[in-house]
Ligand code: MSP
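Quick heads-up: it's one chain on its own, the form predicted alone, in structure tokens.
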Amino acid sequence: MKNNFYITTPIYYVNDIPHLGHAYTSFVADTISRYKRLSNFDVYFTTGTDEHGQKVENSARDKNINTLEFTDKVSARFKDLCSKLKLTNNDFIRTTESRHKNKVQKIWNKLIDNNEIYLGNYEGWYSIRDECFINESDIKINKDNERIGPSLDKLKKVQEPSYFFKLSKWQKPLLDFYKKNKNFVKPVSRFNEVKSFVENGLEDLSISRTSFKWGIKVPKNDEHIIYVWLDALFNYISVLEDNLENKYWPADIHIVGKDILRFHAIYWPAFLLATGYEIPKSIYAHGWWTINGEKMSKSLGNVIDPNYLVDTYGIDQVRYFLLKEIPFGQDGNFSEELLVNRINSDLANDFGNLVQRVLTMIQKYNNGNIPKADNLNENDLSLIELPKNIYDINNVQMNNYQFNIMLENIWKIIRSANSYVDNNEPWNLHKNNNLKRLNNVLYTLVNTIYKITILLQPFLPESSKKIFHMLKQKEEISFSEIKNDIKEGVKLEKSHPIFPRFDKKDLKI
């Protein structure tokens, strides 16, 4: 019986078009999902769009269109991105859907029944960009004597009636939970930030607004709109319809950006405890991408459209770069030149060239048939067995989602295989009519390529399918097959380049 595994991206806010950061988060969640499926897990992977709040209402007003029409258009772009990136998500949730609204209103009534909410008045400085009130300790004053929040937006003084969630009562239960669940937030540095924030004390949380209308109405008091974060976070449960909630909740991992960690690691567990739900098993906060050394920002005009990157360089090429370039959890720098360098060196030169020349030699020297091995030597067996050894090592790295290390480990096999080609010189074996040794060398190499491709499926899914096709194999092969060799005598498809090279003179970003 398969183990269940539930993974989510955050739901993406629809005040603007998708950018590189959204693609990165989605690629990460998709990579983990594919890895788990290949490891025989029953995976449920969800993504979607967060469509309520004052920021969305303002964006629609600025464009002079109906708010629902605005959210429909922007949400469609995010859904199209899922198709463009060929994500394997099982569902796409929108917070404007009735299934979500109904769930959130039931949650509200549950909080009322549990005496977790009370009506009061709130006065404070509100960040429209972050959709939350900002603590005085986090506010800075700019040169125009205006209050600025952590996201560098100008804060607005808000005074209005508000329902409050009794967040303060959950300080000790949260700290107790963190103490017992030291892997709840990754990486560790983020976990320490979360614990420190809670240790400094929690105030009750304003969870309704009356100054705008775009959101889910509070049951029995429709002058109030439910706080966008209380609304949005419950997408992770509202998306699990019918019996899926019983099957998959609690989530195994939420993948989020570090800027929304506080909402996921403090408010979300408190909401869940207050309503009787189990807390998710882990939350991983990844870093930000800078663009040519500068923080990605609409105002700076350096927001990168992932559609351009995929259309220009290919899905797997972009995916590989984003996963390989930085340790997951840290900030990283993106430039088109770095992307091209990585494609040309790692994909085209190292792996692509290995596949191309080995399969070409099998066509040339053995009529396209995988040769029969006869008494492989120690070096042959060592190379064929290396992928299985790396797989065992990578399974440990996967516990902390260290994709860059996992890919580097796979590239050790690729470099070893390229050295093996150079050392054994199959062209000279053919020239000297040493056919037995030639067959052993080609058999060793084609099996190594086959097993490398098995390992690379979560990271290079489209390219892996192309290689398996040339090897006359299934499109997808379980990790359990890593111990088995490819069959002798299979007649291979003619090889063709998998990873084209790119010229730096064509760079546009």
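Throughout, we count residues from 1 along the sequence that is shown. Only a predicted model underlies this, so the values are computations on that prediction, with no experimental measurement involved.
Not on display, but discussed next: the form predicted together with this ligand.
Proximity of residue 295 to this ligand in the predicted bound form falls within the 4.5 Å heavy atom cutoff. With a 4.5 Å cutoff on heavy atoms, residue 25 counts as touching this ligand in the predicted bound form. Contact between residue 288 and this ligand in the predicted bound form is found at the 4.5 Å heavy atom cutoff. Mapping the unseen interface onto this chain, residue 259 counts among the residues with a heavy atom inside 4.5 Å of this ligand in the predicted bound form. For the candidate set 94, 264, 190, 209, a heavy atom within 4.5 Å of this ligand in the predicted bound form is found for exactly one residue, namely 264. Contact with this ligand in the predicted bound form, defined as a heavy atom within 4.5 Å, holds for exactly one of 320, 170, 126, 236, namely 236. Residues of just one listed stretch (251-259, 348-356, 434-442, 389-397) have heavy atoms within 4.5 Å of this ligand in the predicted bound form: 251-259. Annotation for 1-29: interface residues with this ligand in the predicted bound form are 10, 11, 12, 13, 19, 21, 22, 24, 25 [heavy atom within 4.5 Å].
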